[in-house]
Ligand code: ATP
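Form predicted on its own, single chain, as structure tokens, below.
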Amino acid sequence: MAEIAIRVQNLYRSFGDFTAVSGVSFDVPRGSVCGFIGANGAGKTTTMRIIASLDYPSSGTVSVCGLNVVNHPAKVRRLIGWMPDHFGNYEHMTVLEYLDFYARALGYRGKERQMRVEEVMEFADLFPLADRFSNKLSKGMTQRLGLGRALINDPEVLIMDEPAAGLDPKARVELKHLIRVLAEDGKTIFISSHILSELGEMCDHLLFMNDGRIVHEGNADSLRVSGGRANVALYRVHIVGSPEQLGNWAEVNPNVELMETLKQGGRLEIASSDPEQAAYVLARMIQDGLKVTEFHREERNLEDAFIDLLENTNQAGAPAVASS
């Protein structure tokens, strides 16, 4: 059985009359990449701050590598790297000086400090930025600097709050690569985001949070099943002419729903996973005069599945945690 890097048990955190985190429990195995997903205001950052020993729970317990974060905060902080969604830079301080400052603050001295800073700069590709002022960097460069700062103490657990927010596509690809390299090196990565598709690609395990509660725990495939639409199928349809034609057609045909309008057509949901039903729908479209140029089944994306899960949870009136 895998060792547990992060254990959260019946965690609550309230601010006056407002409860930000309500009865949250989960484990994160050592050496895994765990995605923490939810809309803004779901309680993700509050939970992560408690794990990082930067806030106190109202009740419940949190441990990192077996150490209680409330009872042993100093020891926990030596084990973690914390990369918040926003962090401060210092005016007139270069990238090299910035990382050297944090290495000093963490107790590194002499040759060991120089080696640690150089290792981090090489990993995060910061050498070309060494003489740039830390507060004059692009968003992607700033995130690489934040990652470097979080890695200075060579942590066992890396906690990252919305690290991909605002990054361009190239910077996102680079970040995903660095995260996988860290995981292959045995580090535990706990990363939050509201961009489901990106986390689905890089994470071993996913936690979904809504209104302060965990509503799903598992992987991308288990979410698609637990979203409550296992007996439906999605098809991408391209047509000649206005996409409105496809929407108008779907409105008057039973067991078919237009989920999204695209430039050349749309995504249709058919109320059956039987290929024969899809063939029947396609035949009807052609018979009714739609000029179909493309018709193929596609996998439900995680955003659709998560929305379905939340709708099912709200209708049930209580969180229904699913796990794989």
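We number the residues from 1 along the sequence you see. Only a predicted model underlies this, so the values are computations on that prediction, with no experimental measurement involved.
Heads up, the form predicted together with the named molecule isn't pictured, but that's what we're talking about next.
Asker: Verify the contact flag for Gly41: yes if a non-hydrogen atom of it lies within 4.5 Å of a non-hydrogen atom of the named molecule in the model of the complex, no if not.
Answerer: Flag for Gly41 set to yes.
Asker: Would you please decide whether Thr46 lies within 4.5 angstroms of the named molecule in the model of the complex, comparing each non-hydrogen atom pair?
Answerer: Yes, Thr46 sits close enough to the named molecule in the model of the complex that at least one of its heavy atoms falls within 4.5 Å.
Asker: Given that the partner is absent here, does Ala20 sit within 4.5 Å of the named molecule in the model of the complex, heavy atoms only?
Answerer: Yes - in the model of the complex, heavy atoms of Ala20 and the named molecule come within 4.5 Å of each other.
Asker: Using heavy atoms and a 4.5 Å limit, would one call Glu162 a contact residue for the named molecule in the model of the complex?
Answerer: Yes - in the model of the complex, heavy atoms of Glu162 and the named molecule come within 4.5 Å of each other.
Asker: With the named molecule left out here, work out from 291 to 299, 276 to 284, 32 to 40, 255 to 263 which stretch has heavy atoms within 4.5 Å of it in the model of the complex.
Answerer: Result of the contact check: 32 to 40.
Asker: Any residue of 272 to 297 with a heavy atom within 4.5 Å of the named molecule in the model of the complex counts; write them all down in order.
Answerer: Counting only heavy atoms within 4.5 Å of the named molecule in the model of the complex, no residue of 272 to 297 makes contact.
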